[in-house]
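Each of two forms of one protein chain follows alone as structure tokens, named structure 1 and structure 2.
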Structure 1
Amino acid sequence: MRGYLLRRLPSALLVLLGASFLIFTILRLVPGDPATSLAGPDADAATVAAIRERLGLDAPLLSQYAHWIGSLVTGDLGPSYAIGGQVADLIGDGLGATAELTAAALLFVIVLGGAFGILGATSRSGWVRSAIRVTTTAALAVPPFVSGVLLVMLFAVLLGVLPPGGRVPFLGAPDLAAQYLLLPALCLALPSAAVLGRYLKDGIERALAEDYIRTATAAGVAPRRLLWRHALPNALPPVVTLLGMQTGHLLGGAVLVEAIFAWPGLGQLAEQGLSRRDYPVVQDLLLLLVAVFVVVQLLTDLVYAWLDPRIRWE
């Protein structure tokens, strides 16, 4: 496993370096800059120039890039141009919120997706299978901005049992935090849970149709043991890869869900940073997201290799 990991690391680092250059360049190609954004619509040229000089935007582009990479290496991300505060603090706060939301959504994906998959593959009741099919189709078809609004209307406005938005950090008050977390996490998780459920159902059905299952059934193995010890482990590897990919989708989807539920995570931070051309915040954030994707992919491959030894021997 260690050798496998070492083989994968250089390409991961190369991806990060390439991404950093692309992010820096593309951001500079977007019209507008932090100075004009900060100067406001009533500014004169002197104001814009003074702000540009203060932010170091009058320096050559290559030196700005080198300065950025240097700051990343030393771990001092510096101050935000427009939003205010230190970039590291902003990203740290947002990362905590997004991680909380993504983790809760992932939990929903595993629980709901697992239930959809196992029940869909094993239930003898046509009614249950149809209900699961309809639920997963609806969960896939309805985009989060619609399901989010529907959930808020039902639970927050009509029933008044859950807050419509906002966040209480989990470590401070877990009971309140869970209530704030419930709707956005569910909204974010639904499409991924449906995808996962369908994959799992197909995987279990395929595994249950294998010859060795028939042999084991004939030998009198308990159905529960057949499912948990044989069918499920064999159906899992592709589902784990899918779960890794879905984690990426959850992070991406969090941007939209965070807006609907006023969740102060990285999505909101990215939107704020981009609209104000806050280069340090946006650059660091995008690079962080690339890094997260690379790490998730690496972890997924490692888990896959662990589950299927053929992969690590290749």
Structure 2
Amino acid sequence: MRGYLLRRLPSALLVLLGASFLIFTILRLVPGDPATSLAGPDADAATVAAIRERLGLDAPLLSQYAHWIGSLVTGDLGPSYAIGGQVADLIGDGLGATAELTAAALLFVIVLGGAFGILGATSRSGWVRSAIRVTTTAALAVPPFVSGVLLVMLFAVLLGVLPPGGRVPFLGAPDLAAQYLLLPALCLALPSAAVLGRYLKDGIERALAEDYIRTATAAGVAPRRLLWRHALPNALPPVVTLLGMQTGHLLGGAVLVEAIFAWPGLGQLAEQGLSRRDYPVVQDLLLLLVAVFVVVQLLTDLVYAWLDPRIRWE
């Protein structure tokens, strides 16, 4: 496994390097100038030029890119242009909240997606299959900004059982923190849980249709044993790959969900950075998301190989 990881490391670094160049280039193509935003609408050209020089924006783009990469390598992310403070501190303050939301959403994805897939593939009740099909279709069709508002209207306004937004740290009051976490995590998890459930359902149905399953059924093996010992393990490897991809989608979707539920994470920081043309904050955040996605995909490959004995590290 160590050799496998070492062979994958160069490609992962190339992905990060290519992503960093794209992020840097695309941000510079967005209309607007950080120096003009900082100087204000009444500033003269000399003031704007002085701010550009102070921020290093007057240097050639390749020099700016090389300086940014060098800062990443040394771990010095530098100061924020507009928000204020060090970029590392800003990201550190929001990283815990976003990680908490993403982890809770991932737990919902696994639980709900597993339930949708197993019940959809094994239930003999027509109404259960129809209910799962309708639920997964609705979860895929309704965007998070709509489902988030609906969840708030139902559980916070009409029923009054959950708070509409905000965050409470887990260390202070775990029970209260769970109440604040439930709605945004569920809103973030619903589309991915629907995708995972449908994929798992198809995998289990294909596994149950194999000849060895029919032979075991004819031999009198209990259906529950066939499901949990044979069909489900054979359906899991491709589902694990999909789960790794959905983890990246959860990180991206957290930006919108945090805005809906006033969750103080990296999503709000990204929104502030984009609106204020704060290049250091936005480009470091985007590259962090890419890095997390690359690591998740690498871990997914390792789990896939562990689940499927036909996969060899060689």
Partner chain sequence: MTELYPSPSPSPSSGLSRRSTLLAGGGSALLLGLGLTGCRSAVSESASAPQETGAAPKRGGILNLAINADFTPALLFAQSGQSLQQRLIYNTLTRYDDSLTPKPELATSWTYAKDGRSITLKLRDDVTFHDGRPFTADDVIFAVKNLQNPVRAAQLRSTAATINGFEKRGDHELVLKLAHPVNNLFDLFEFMIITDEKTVEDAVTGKKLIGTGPFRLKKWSPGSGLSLTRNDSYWLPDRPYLDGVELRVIPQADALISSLRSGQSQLSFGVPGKSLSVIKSDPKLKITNYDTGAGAIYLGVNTTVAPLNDKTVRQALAWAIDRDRLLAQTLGGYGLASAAPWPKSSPAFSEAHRTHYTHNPGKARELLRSAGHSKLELPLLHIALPGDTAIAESIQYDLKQIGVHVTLEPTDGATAQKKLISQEMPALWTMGHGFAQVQPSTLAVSAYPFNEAKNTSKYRSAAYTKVVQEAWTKPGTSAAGANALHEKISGILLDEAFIIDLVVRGQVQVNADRLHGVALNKFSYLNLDNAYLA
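For the two forms, the rigid core is made up of the largest set of C-alpha atoms that agree within 1.5 Å on superposition. One-based numbering along structure 1's sequence throughout. Nothing here was measured: the structure is a model prediction, and the numbers come from that model.
As summarised for this chain, the second structure is the form predicted alone, and the first is not.
After superposition on the rigid core, displacement of the C-alpha of Thr300 between the two structures stays below 2 Å. Core-superposed comparison between the two structures: the C-alpha position of Val73 differs by no less than 2 Å. Superposed on the core, the two forms barely differ at Glu210: its CA moves less than 2 Å between the two structures. Overlaying the rigid core between the two structures leaves the Cα of Leu62 displaced by 5.4 angstrom.
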